[in-house]
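Below you'll find only one chain, the form predicted on its own, shown as structure tokens.
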Amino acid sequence: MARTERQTGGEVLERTRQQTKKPELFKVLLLNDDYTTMDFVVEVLESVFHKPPAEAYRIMMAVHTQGKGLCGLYPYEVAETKVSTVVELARGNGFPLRATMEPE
């Protein structure tokens, strides 16, 4: 009779499963300054972050009263792009508005 068992040299065979992992999310925040107009902040929130007018106004007020406002949670590359888009748009319009990103 032939042996049909695998020769493993005494080691245990393990089956491994590939697990997909969701990407880590980053918060994108707008920071308050004394020069950027509230209207421009609302415009940025509506155009870059696709927020409806009421939500854009609420976030703008958080930026104004609390010093920063959460614009959304995004994977790293998307968050990085949103931050650079905000800064580029602000500089192009003569405002010092800043956006940052931090891990969730």
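The structure presented is a predicted model; accordingly, all values stated were derived computationally and were not measured. So that there is no doubt, residue numbering starts at 1 and follows the sequence shown.
The protein also exists as the form predicted together with a small molecule; that form is not presented, and the subsequent description refers to it.
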Checklist outcome for this item: Answer key, the small molecule contact in the predicted bound form at 4.5 Å (heavy atoms) among Asp33, Glu77, Glu55, Glu43: the residue is Asp33
Next on the checklist: Whether Leu97 contacts the small molecule in the predicted bound form should be assessed with a 4.5 Å heavy atom distance threshold; does it?
Outcome noted: yes
Checklist entry - Looking at the partner-bound form in the predicted bound form, is Val28 within 4.5 Å of the small molecule by any heavy atom? => result no
Checklist entry - Do His50 and the small molecule come within 4.5 Å of each other in the predicted bound form, heavy atoms counted? => result no
Checklist entry - Can Leu70 be called a contact residue for the small molecule in the predicted bound form at 4.5 Å between heavy atoms? => result no
